[in-house]
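Next up: just one chain, as structure tokens, the form predicted alone.
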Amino acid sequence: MGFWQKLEQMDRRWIYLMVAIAVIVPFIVPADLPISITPEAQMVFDAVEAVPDGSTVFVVFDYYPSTIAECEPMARTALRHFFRKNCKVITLSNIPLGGPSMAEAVSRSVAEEFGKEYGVDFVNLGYKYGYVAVMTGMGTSIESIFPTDNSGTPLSELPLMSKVTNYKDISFIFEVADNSTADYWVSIVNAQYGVPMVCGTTAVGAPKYYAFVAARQFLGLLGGMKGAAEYEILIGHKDDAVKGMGAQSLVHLLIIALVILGNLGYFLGGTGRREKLG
């Protein structure tokens, strides 16, 4: 049996093994593949850079656990960027399933890298039902909507929150979402209170928001894992998104190679010729 005939009859388990290797290896030995920077990602970086050092900002965890691979690297990188600028960060979520706990875990993990203290440098407000009422109510008083933080500590006992009353005290909002809550941050908070914001979302959801960027309602946009990887590169801290893009790129290259080899095997291994003669 010739090579091309053997290729035609390859056990599919070998293909599964090759895909598994292509996924795993970049996380062990990072594949330093080129990642181009889109204008929208550059705009995100520039907008955050323009926030005055020491400002108070929101980082909003509006994504479900199912999209952690795409969205969490964006939130993590945003926190690193703000902490690097010594900004005071307030996190919250409009997602009941996992949102508050992800905000808690990610913010504390990144804060530890920078030696930031909870209650002084960052606070997690957690979740409150009814995002339209929540967003509107915070325009008058954040404490009236979130009387305590995610752990049940009264806001009056947190030094950071003693300096924050409503949106007038928030310099910037970084929204990370895999759903339509981003629309409401624009229509309620940006449109009515003028708070500048950017958005990070899934690759599937990103096309909708290019119009928001064109209208300057979002000052920048990150789309999917690639957008997160671009942001990691821009702040000079390559992490999970860059590794994930390496794995994704290798799998794509493997699939292309297998499609080409499969077609060559079909025509050169005899099956294609036999069907043509038949």
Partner chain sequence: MRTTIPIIVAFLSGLVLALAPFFREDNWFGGLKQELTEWLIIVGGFTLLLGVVSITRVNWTAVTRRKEGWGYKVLTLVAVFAMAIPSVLSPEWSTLFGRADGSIYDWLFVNLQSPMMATMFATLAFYIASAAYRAFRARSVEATILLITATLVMLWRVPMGEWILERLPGDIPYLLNTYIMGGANMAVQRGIIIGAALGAASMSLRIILGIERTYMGKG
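Positions refer to the first chain, counted from 1. Only the largest set of C-alpha atoms that superpose within 1.5 Å between the two forms is called the rigid core. Here the structure is a predicted model, which is why all the values come from computation and not from measurement.
The following text describes the form predicted in complex with the partner chain, which does not appear among the structures shown.
Stretch from 113 to 121, 80 to 88, 155 to 163, 133 to 141 whose residues place a heavy atom within 4.5 Å of the partner chain in the model of the complex = Of the options, only 133 to 141 has residues within 4.5 Å of the partner.
- Using 4.5 Å between non-hydrogen atoms, is S101 touching the partner chain in the model of the complex? S101: yes, in contact with the partner chain in the model of the complex.
Exercise for review: Using the partner position in the model of the complex, report whether K226 sits within 4.5 Å of the partner chain, counting heavy atoms only.
Suggested key: Yes, K226 is a contact residue.
Within a 4.5 Å heavy atom cut-off, is D240 in contact with the partner chain in the model of the complex? Although the partner chain is absent here, D240 would stay clear of it in the model of the complex, with no heavy atoms inside 4.5 Å.
task: Considering only heavy atoms, tell me if Q42 and the partner chain come within 4.5 Å of each other in the model of the complex.
output: Contact with the partner chain, no.
Pick out the residues of 250 to 267 whose heavy atoms come within 4.5 Å of the partner chain in the model of the complex.
Going through 250 to 267 in order - heavy atoms within 4.5 Å of the partner chain in the model of the complex - the hits are L250, H252, L253, I255, I256, L258, V259, L261, G262, N263, Y266, F267.
After a rigid core superposition, would you say the CA of A50 moves by 2 angstroms or more between this form and the one not shown, or not? Moves: no, less than 2 Å.
Would L253 count as moving between this form and the one not shown, using a Cα shift of 2 angstroms or more after superposing the core as the test? After core superposition, the C-alpha of L253 moves 2 Å or more between this form and the one not shown.
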